[in-house]
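The chain below stands alone and is given in structure tokens; this is the form predicted on its own.
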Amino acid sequence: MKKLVLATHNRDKVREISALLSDLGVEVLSLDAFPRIGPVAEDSGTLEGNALLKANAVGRSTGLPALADDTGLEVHSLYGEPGVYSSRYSGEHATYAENVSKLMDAMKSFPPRRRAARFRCSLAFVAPGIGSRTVEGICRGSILEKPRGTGGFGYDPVFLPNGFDMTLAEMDLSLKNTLSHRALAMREILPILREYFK
């Protein structure tokens, strides 16, 4: 069976992306299968650049097709923060809860009309013979005053997608995978993956 490496150790991302790739007919591996590969510095300054850095590094190290994402929550009233620093908003090894807590503190005085935000996901696919391809998915919504829900990960408990009364953390994975930023980016890249793996 053909293989595709997801350039992450994040089990939550692996679970989401694997579900979106379930009909591709390839074996999806994470970096847990390649313990010799160390962390890749995400220092490009953009989501797309970081996704490419990770995909290129993992593709070179494994010799296999690699798929990487970098995702950021961009809050309009915070001038796009936390953005590219979303996963380390409150420190290099921050937990999901610590990042959410810092965001809640930063927004505590903002009324509902100033809580617009968007999740943006950049996906990069690197494979022998085709070089690299990148796509983007955007999910628009707003930031709640208090977290709701126990599913999902990251900022999902405080992100309310436009047109829904449930946060991403209150949705089951099948619903989330129809509208999330990562799902929308995967929808864009799936034709590229299907063409490559056919």
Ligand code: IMP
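Predicted model, so just to flag it, every value in this text is computed and none were measured. When you see a residue number, it is the position in the sequence shown, counting from 1.
Omitted here: the form predicted together with the named molecule. The next part is about that form.
Enquirer: Indicate whether E48 is a 4.5 Å heavy atom neighbour of the named molecule in the predicted complex.
Expert: Residue-level check for E48: no, no contact with the named molecule.
Enquirer: Taking heavy atoms only, is K13 within 4.5 angstroms of the named molecule in the predicted complex?
Expert: Yes - in the predicted complex, heavy atoms of K13 and the named molecule come within 4.5 Å of each other.
Enquirer: Contact between S87 and the named molecule in the predicted complex at 4.5 Å, heavy atoms?
Expert: S87 belongs to the contact set for the named molecule.
Enquirer: Can you tell me whether F153 touches the named molecule? I mean in the predicted complex, with a 4.5 angstroms heavy atom cut-off.
Expert: Output for F153 is yes: heavy atoms within 4.5 Å of the named molecule.
Enquirer: Have a look at 62-70, 142-150, 22-30, 129-137 and name the one stretch with heavy atoms inside 4.5 Å of the named molecule in the predicted complex.
Expert: Contact criterion met by 62-70 only.
Enquirer: Counting only heavy atoms, which residues in 159-178 are within 4.5 Å of the named molecule in the predicted complex?
Expert: Result: K176 alone.
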